[in-house]
Structure formats: structure tokens, C-alpha cells
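First comes one chain, alone, set out as C-alpha cells in the form predicted on its own.
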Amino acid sequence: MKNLGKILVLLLILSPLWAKIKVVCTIPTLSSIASEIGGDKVEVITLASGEKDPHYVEPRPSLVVHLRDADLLVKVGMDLDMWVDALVDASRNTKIFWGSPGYVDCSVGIKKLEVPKGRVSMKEGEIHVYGNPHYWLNPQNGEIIAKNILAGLLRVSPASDHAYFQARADRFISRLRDKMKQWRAKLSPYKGTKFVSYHRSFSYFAQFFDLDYFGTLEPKPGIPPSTAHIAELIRDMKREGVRLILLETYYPRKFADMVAKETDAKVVVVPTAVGATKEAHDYFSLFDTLTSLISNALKG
């Protein structure tokens, strides 16, 4: 019994050393990268579903519980996941408050696109004052995301784990650079291709792959398609010969099909985040899926 008691005491003493770092990410794309870097030394929890619009997440008590126990909060930033701010306040977990060691904004260091100039009005729709927040769809930004997550893990982990996290981050970045060459090669025959999407989700994607973002089914961000806008878009697409519509998985298809019927364009339903489809189960397969779907559509 004495030996058993000593063992229990020893386990209690050592248990913090064995505890995994609890990482809470707002979207599955960030969770995928955090898992790549953290390995078996982290427990990663995702608040939003990849199958749903990341701009809108229903606040639930379970989300607050996850945040209350978190060592690290990893968010997109740029107001995309601003819904998490009230949940963080409710959690009262000061470790993950803005400016704390456990707070990671993955947009730090991103070259932001479409930052509005001058005064921002609600008449312009759901404008993000810091720019377009869908930056993870340029795989070059995946490296910046990884470095931001790594910096957060190094801040909240014991020094003995730092080499482990650094090695895994280096391995992720090396693989990402190799894959970027493959992805670029797959879409290189289609440089300059004009396309339309529902929401302005693909600015960073178009930037990396040298595609021409022609327009959106939404007249303005967050504003549903209108008859007048759709008619104008159809007219412009016919004039410019636009034959590709990329439709995010969580938006209705009827407007895309309506435009496609009038313009002879192809509608390609594509994931814009990890978990949006079963094929896009991590950051690498997200781009494998995107580039394959688009190249296959343009071959025909």
C-alpha cells in the first residue's frame, strides 16, 4: 500500500508534464495546420464546421467550455471570426485574451487584399475593414499561418518541447513548398482564366494561381443575389466569354445554375476550407481537391 501511495503521489507530480496543450481553433483549416505542428503534444479542438459559412457560428455553452480550458486560441482574424470574441469574454480565460501568450491571430504578417479605403458604410454590404479575410486560400500564406501557430506554441509550452514543435513546423513548411509547385503546375495551363464565384472567397487563390476574378453572384458581400445584378452579370459574362463559376459548398446553387444556363458556363462546387467536403480533410488535400476540380472542369 505504501508503494502504491508513492506511485500515486509521483503520478500527480508528473501529470502536468504529460498534459497536452489544449489548442482551440476557430475553423478547421487552422486546426489542420495546428495539428501538423503540434503532433501528439497537443489536443486540437475546432469551434466551427468546415461545412458551414465561417462568418456565422451559433454561440453555444459548449464552445465557452472549450475556450475556458484552452491554453492557446488560434483565430483567422480580420473580423472573419469575430463571433469568437464574445465567447472568449464569457470563458473568462485570461490566458487567451488579446495580447496574452495564448492568443494567436494568424493574419499577422499576411499581405492583405481588398482593404477598403475611406469610410466604410453598411450600404456596401458586410465589408471587412481589415481586408478580405480568406487568406488561407493562397497556400503561400499557409507558411505564415504555420509560423504564427508555432510562435504561439513556443510561448505556452515548456522549453523541452520547443525543438519538437520547430522540427514539425519545418517539415510542414518544406512539404507545403513542394506541394505548391505541383498545384501551380496543375493550373498553369489555365492562367488568366476568368471566373465568377458566389462570395468574394477566392481573391488570394486567384492571386497565387494567376486566375482572373471576374465577379460574384452577390452584388455586395453578404447581400443575396438580386434580379438586376444577375442580369447584369450574365450580360457581362457573355460579352467577356466567362465560362467558369466556382460555387462555395455552403451557398445555394440555384443562382449559379441560372447564370450557367444563360452563359454556357460550368458550375464547379468547391471546398473553401478543410472539412467542407470529405476529400478536403486537411490543408494539403484542400488544395489537391481545389486544383483537381478546377483543372478537370477546364479540360472539357
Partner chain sequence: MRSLALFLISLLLALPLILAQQDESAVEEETTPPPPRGSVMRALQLPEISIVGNLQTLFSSNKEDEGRNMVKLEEIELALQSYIYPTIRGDVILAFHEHTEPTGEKHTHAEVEEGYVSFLNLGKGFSLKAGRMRVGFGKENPIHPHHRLYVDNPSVLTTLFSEHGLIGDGATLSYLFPTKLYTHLDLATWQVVTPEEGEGMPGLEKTFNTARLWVSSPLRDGELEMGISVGRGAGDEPVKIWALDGTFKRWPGAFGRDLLRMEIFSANHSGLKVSGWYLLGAHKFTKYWEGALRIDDSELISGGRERAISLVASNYLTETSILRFQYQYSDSPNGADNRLWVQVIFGMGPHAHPLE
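Numbering follows the first chain given and starts at 1. Quick caveat, the model's predicted, so the values are computed rather than measured.
Below, we refer to the form predicted together with its partner chain, which is not included among the displayed structures.
Although the partner is absent here, E232 lies well away from its partner chain in the predicted complex, with no heavy atom inside 4.5 Å. Among residues of the shown chain, H134 is not one whose heavy atoms approach its partner chain to within 4.5 Å in the predicted complex.
In the predicted complex, its partner chain lies within 4.5 Å of some heavy atom of E58.
Contact check for Y198: a heavy atom falls within 4.5 Å of its partner chain in the predicted complex. Note on contacts: among P189, P158, G99, G192, the single residue with a heavy atom within 4.5 Å of its partner chain in the predicted complex is G99.
Checked against its partner chain in the predicted complex, the residues V242, V44, V267, V64 give one hit for a heavy atom within 4.5 Å, which is V64. Of the stretches 168-176, 73-81, 181-189, 202-210, only 73-81 has residues with a heavy atom within 4.5 Å of its partner chain in the predicted complex. Applying a 4.5 Å heavy atom cutoff to its partner chain in the predicted complex picks out D79, M82, D85, A86, L87, D89, A90, S91, R92, T94, F97, W98, G99, S100, P101, Y103 from 77-103, in order along the sequence.
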